[in-house]
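Starting off, we have a lone chain in the form predicted on its own, written out as structure tokens.
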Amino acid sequence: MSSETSAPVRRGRAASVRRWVRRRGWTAGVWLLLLALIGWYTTLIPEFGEFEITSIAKNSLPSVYLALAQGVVVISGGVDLGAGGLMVLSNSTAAALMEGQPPEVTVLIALAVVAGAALLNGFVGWVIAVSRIPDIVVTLATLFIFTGVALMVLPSPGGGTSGQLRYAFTGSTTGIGTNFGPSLIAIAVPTLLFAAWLTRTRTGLSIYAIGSDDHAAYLSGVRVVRAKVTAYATGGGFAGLAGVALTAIANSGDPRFDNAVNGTLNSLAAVVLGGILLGGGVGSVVGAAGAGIIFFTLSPILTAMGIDPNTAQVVRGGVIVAVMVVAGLLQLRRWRTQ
């Protein structure tokens, strides 16, 4: 190859690399940060092996699913403060209905809970789209409604599920073991399929479009109300899946309001750290999933460092605040450059 022809090839490759970094660099950075944190964690404990990998993978499942739930709503230009409440409601409902049931029935109940959560949150999205009431107002109300209903369904922690359903999420019928394969599959498959659906289908692209500019999307022929409802319904389905995963991990339901609030705050922080702009239209749910694991991994790392639980909570809160501040500054910069 002559120098005249090799120069354009090199420039083309450099341009391709720049495009890849611009589109996927943040997502790759999030997963590299996760690997770095896990690497650091291995130096803080006496032994790191299959049990620790399994523990991280299975216990981060609810955080990952809730990050996916929040991510699709934020991409659509909204925010779902009720995501944690829907997770708690799904967890309580699943645990109450699954207790003492055979495996086949628990699987059907799990599917029904996920479908019900999707329909319920889809209705919330329809109310927001039709009424034009800000998302933050409607979903703040749903946070209290969902957790209140959860307390009605399961007044105190309890319930249960089948060993087979526990195996699907934890790799063990008892929820404790060293088989991390099912948990990793439960993270990777939904995340990658969801990301492909969002970026490669007309419906998924319409969600990105209304997040970027719903008026321009409408003029381009996008059905804005349908896209908004789809975003919320999909997010609701993942929040329901997070609740089912909680049931499988703990073999019980827990309707406490604190779980709902913590879930919502962590999902918002994971979405921002994962590279999804709070203004909507930009970002990848793959990054949000990685950030969800990061926020879970902080807890065992802080424990291994000998930090007491109260101080650890302060540290986690400080990290969330810092992430939100950075997100606000990035959003402000985006508005000024438009």
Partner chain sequence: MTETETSVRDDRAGARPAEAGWAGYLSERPLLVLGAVLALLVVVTVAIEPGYLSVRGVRNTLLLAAPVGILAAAQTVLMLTRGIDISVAMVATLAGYVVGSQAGTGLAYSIVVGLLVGALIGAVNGVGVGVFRVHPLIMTLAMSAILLGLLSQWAPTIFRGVTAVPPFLRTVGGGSFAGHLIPYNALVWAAVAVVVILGLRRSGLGRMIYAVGDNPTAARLAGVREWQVLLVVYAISGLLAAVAGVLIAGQVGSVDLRLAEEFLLPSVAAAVIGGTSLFGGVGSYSGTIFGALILGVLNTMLTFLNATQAMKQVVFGVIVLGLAWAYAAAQRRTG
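Positions refer to the first chain, counted from 1. What you see is a predicted model; the values in this text were computed from it and never measured.
Below: the form predicted together with the partner chain, not depicted.
Novice: Within a 4.5 Å heavy atom cut-off, is Val229 in contact with the partner chain in the predicted bound form?
Specialist: Answer no; every heavy atom of Val229 is more than 4.5 Å from the partner chain in the predicted bound form.
Novice: Considering non-hydrogen atoms and a 4.5 Å limit, does the partner chain approach Gly148 in the predicted bound form?
Specialist: Result yes; Gly148 sits at the interface with the partner chain in the predicted bound form.
Novice: Though only this chain appears here, would Arg202 touch the partner chain in the predicted bound form if you measure heavy atom gaps against 4.5 Å?
Specialist: Output for Arg202 is no: heavy atoms all beyond 4.5 Å of the partner chain.
Novice: Does Arg223 reach the partner chain in the predicted bound form, with heavy atoms at most 4.5 Å apart?
Specialist: Outside the cut-off, so no.
Novice: Taking the partner chain in the predicted bound form as the reference, which of Val137, Leu192, Val105, Leu119 has a non-hydrogen atom within 4.5 Å?
Specialist: It is Val137 that has a heavy atom within 4.5 Å of the partner.
Novice: Using heavy atoms only and a 4.5 Å cut-off, determine which of Leu184, Ala96, Ala168, Ala141 is in contact with the partner chain in the predicted bound form.
Specialist: Of Leu184, Ala96, Ala168, Ala141, the residue with a heavy atom within 4.5 Å of the partner chain in the predicted bound form is Ala141.
Novice: Look at the stretches 194-202, 232-240, 105-113, 264-272 and give the one with heavy atoms within 4.5 Å of the partner chain in the predicted bound form.
Specialist: Among the candidates, contact is made by 264-272.
Novice: May I ask you to list the residues of 207-240 that have any heavy atom within 4.5 angstroms of the partner chain in the predicted bound form, in sequence order?
Specialist: Contacts from 207-240: Asp213, Asp214, His215, Tyr218.
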